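In structure tokens, one chain follows: the form predicted alone.
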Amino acid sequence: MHIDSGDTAWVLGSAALVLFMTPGLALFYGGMVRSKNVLAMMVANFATIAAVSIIWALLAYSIAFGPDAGHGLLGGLHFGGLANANDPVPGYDLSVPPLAFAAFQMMFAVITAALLTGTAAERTKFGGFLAFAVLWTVVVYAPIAHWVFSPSGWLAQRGVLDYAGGNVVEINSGASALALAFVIGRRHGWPREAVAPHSLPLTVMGAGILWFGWFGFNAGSALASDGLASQALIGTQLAACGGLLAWCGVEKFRTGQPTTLGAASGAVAGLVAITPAAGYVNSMAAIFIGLVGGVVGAYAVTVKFKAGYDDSLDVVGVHGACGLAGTLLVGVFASRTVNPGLRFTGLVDGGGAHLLGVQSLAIVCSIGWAFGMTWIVATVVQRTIGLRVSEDVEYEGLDTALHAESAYDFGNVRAGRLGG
């Protein structure tokens, strides 16, 4: 195994970028909740970093990337507790230390679990959610990561293409969010009472941090500082721009008024859609995928009102639906011109429908596992230590009731005097 210092620096830097996405997510989500719940949202995201990082080191990394324990379903315990962490990662020809790879993948697990705070917003216990996140990382995230990301995984063996987490992160979080929403139930008063974002500037700032960190997410997945990383980076940028403009266009068409929240959400939708495709498609395809992501996301976030599930901050609509769209479009646009090492290519590259079929199989299996197992994990937590707060706590607000803090000290605001 040859270790390249440039590649190592790029992967370590990308790991830091992906970690930075979770504080960005805290701001993005924090601005969208009511002011009485903003600190609870932020501390849930920060604590998820800690809880998921530790369980990743203890167990989940080995389940995801350890030597296959049979039939491509789970990795063994060879890397448990980060033992043997400098041994080669099965199936990978790395030019970076294996421990750098483990750290990079750790940040993927962190941000995926943190996404679910958006579904659970404004009505979940702090400790209950952390217990859920730990169990979910082991039971839901790590097995899907093994199926798709590990070369010995059963879906990887069938040729599925998921450059940076269309299945493992996006579809997984979307399906899991739907199950979690059903288990914890609706917020009191929803959808009868409107729940407006309390601080769109926070949300826009968070979206900007997510956009910035996504370059590490996608371009870092090349695991080398090379031309493929460059293509993934520019494709990520173009898709985000396409998603932003498309979402605003849908809003203009439907209501006559593009919104700030729509622009921020559209950028994220484009980023989600390009995630599975970034290292497989050219720049023009990336723009198209971003545009599709923006349109799909703008319409998908309205489904919850008709279906009756309270996905508070639209994890299902943005991450699930846009991740699904991007994963399918890999089967259309994946090209050996961009990535010469591809086993199968998309329709545009003359590869026929085979890859599209493989991508569809991965989507169905990821949704089925994520939804079913999340339902079980959330139900177990709810019936033991509890996942949802009481009605009184929900009305008071989680900030003061659970954390004895308030984000805004309105009591010290005093009226000014003209000419004072």
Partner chain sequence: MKLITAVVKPFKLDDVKEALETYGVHGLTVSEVNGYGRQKGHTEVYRGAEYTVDFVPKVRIEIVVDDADASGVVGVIVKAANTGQIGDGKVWVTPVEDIVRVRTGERGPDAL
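Positions refer to the first chain, counted from 1. Note that this is a predicted model, so its numbers are computed, not measured.
There is also a form predicted in complex with its partner chain; it is not shown, and the following applies to it.
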For this session: Just one of 107 to 115, 138 to 146, 294 to 302, 171 to 179 has residues with a heavy atom within 4.5 Å of its partner chain in the model of the complex, so point it out.
Result: 294 to 302
For this session: Find the only residue in L200, I234, V183, A224 having a heavy atom within 4.5 Å of its partner chain in the model of the complex.
Result: L200
Exercise. Considering W247, Y280, W214, F132, which brings a non-hydrogen atom within 4.5 Å of its partner chain in the model of the complex?
Worked result: W247
Exercise. Is L210 close to its partner chain in the model of the complex, meaning a heavy atom pair under 4.5 Å apart or at it?
Worked result: no
Exercise. Can you check whether V338 is within 4.5 Å of its partner chain in the model of the complex, heavy atom basis?
Worked result: no
Problem set entry | F28, heavy atom within 4.5 angstroms of its partner chain in the model of the complex | yes
Exercise. T255 near its partner chain in the model of the complex, any heavy atom under 4.5 Å?
Worked result: yes
Exercise. What are the residues of 254 to 274, in order along the chain, with a heavy atom within 4.5 Å of its partner chain in the model of the complex?
Worked result: R254, T255, T259, L261, S265
